[in-house]
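This document opens with one chain alone, in structure tokens, the form predicted on its own.
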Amino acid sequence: MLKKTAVVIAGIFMAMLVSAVMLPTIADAGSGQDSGQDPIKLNYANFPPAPTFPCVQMEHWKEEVEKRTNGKVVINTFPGGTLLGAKNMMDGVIAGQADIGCLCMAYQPGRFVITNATSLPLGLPDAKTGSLVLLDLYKQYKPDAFKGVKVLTMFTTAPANIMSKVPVRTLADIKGLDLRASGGAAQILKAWGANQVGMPMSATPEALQKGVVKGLFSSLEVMKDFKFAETCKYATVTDTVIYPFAVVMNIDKWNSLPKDVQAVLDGLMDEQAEWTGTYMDNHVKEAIEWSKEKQKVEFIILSKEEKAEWDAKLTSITDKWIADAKAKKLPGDKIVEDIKMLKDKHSK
């Protein structure tokens, strides 16, 4: 009897010992990220090459998200069109081919009517101002074009200028010249008499080499990022319009995120727009100096009289946009006035 009792007591003791050993493991299993719970993985697609500014901002955003969520979120980035291309970025994100995507809205002017109004010749002076104006405009109007996604941030290029294989000093020089551009910038080239050729920026280096185009109309950081300064030895400074970009997320993926993660992403919206605009403006200055010093690019400054002649040909573009917007039941006049007001606000 004593022997049986000893065996029972020993069994109870062993059970208690095993429970004591197991309890911390059970507690750890419910403690969240610190217990080795798998992080939330998000795929972020981008279309230009990795060294370009849309991808630089993507990597900065990735680092900030991973840091501010303490590793709870991990972002896998796909630059250079390796996951989604430039023209199918929005629909690819909506379809779930990527969780997040960066798109240039100028590539689809008819789809993103309101936000593309920032690419009208309205004198946005730099990328920082343009980025903050664009984001404020989106928040004010919440365009239907973005109903199928969650907007994470928006930003713009610096103002566009002409980069070419031949010098462009007058309107006579640009007449009939094959230049790459898209969106609102394309309309401007046509107004000046150039032959606008539409294509993604990523296709432009080959087009320049093959002589399909004689130059391009874009912000000047591409002189260095895409090495256009090696083929385009002339840059005509027009400082005319910007290209608007958006970073969007699949709405189902957004809704699946924990509230604390959503708060981090929302908290980065304005900050990322300003960071990207500031980075862009500084990078343009670097690209100009590099192009001058390393590639001997000539930067052509139009005289005041010549610039006035160029600008006079652009006034009808904004008028036409307003009329077209009204035909689509959009307040074209007010949108343009709001952009001007926001420009004054953010450029101070």
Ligand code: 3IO
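What you are looking at is a predicted structure, and each value in this text was computed from that prediction instead of being measured. So that there is no doubt, residue numbering starts at 1 and follows the sequence shown.
Below, we refer to the form predicted in complex with this ligand, which is not included among the displayed structures.
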Close approach of residue 104 to this ligand in the predicted bound form, 4.5 Å, heavy atom: yes
In the predicted bound form, residue 221 touching this ligand (heavy atom, 4.5 Å): yes
Proximity of residue 52 to this ligand in the predicted bound form, heavy atoms at 4.5 Å: yes
Any non-hydrogen atom of residue 179 within 4.5 angstroms of this ligand in the predicted bound form: no
All of 112, 120 and 146 with a heavy atom within 4.5 Å of this ligand in the predicted bound form: no
Contact residue in the predicted bound form, chosen from 321, 44, 47, 61 - any heavy atom within 4.5 Å of this ligand: 47
This ligand: the contacting residue among 248, 208, 188, 201 in the predicted bound form [heavy atom, 4.5 Å]: 201
Candidate stretches 53 to 61, 312 to 320, 299 to 307, 286 to 294, one within 4.5 Å of this ligand in the predicted bound form by heavy atom: 53 to 61
Residues from 142 to 168 in contact with this ligand (non-hydrogen atom within 4.5 Å) in the predicted bound form: 157
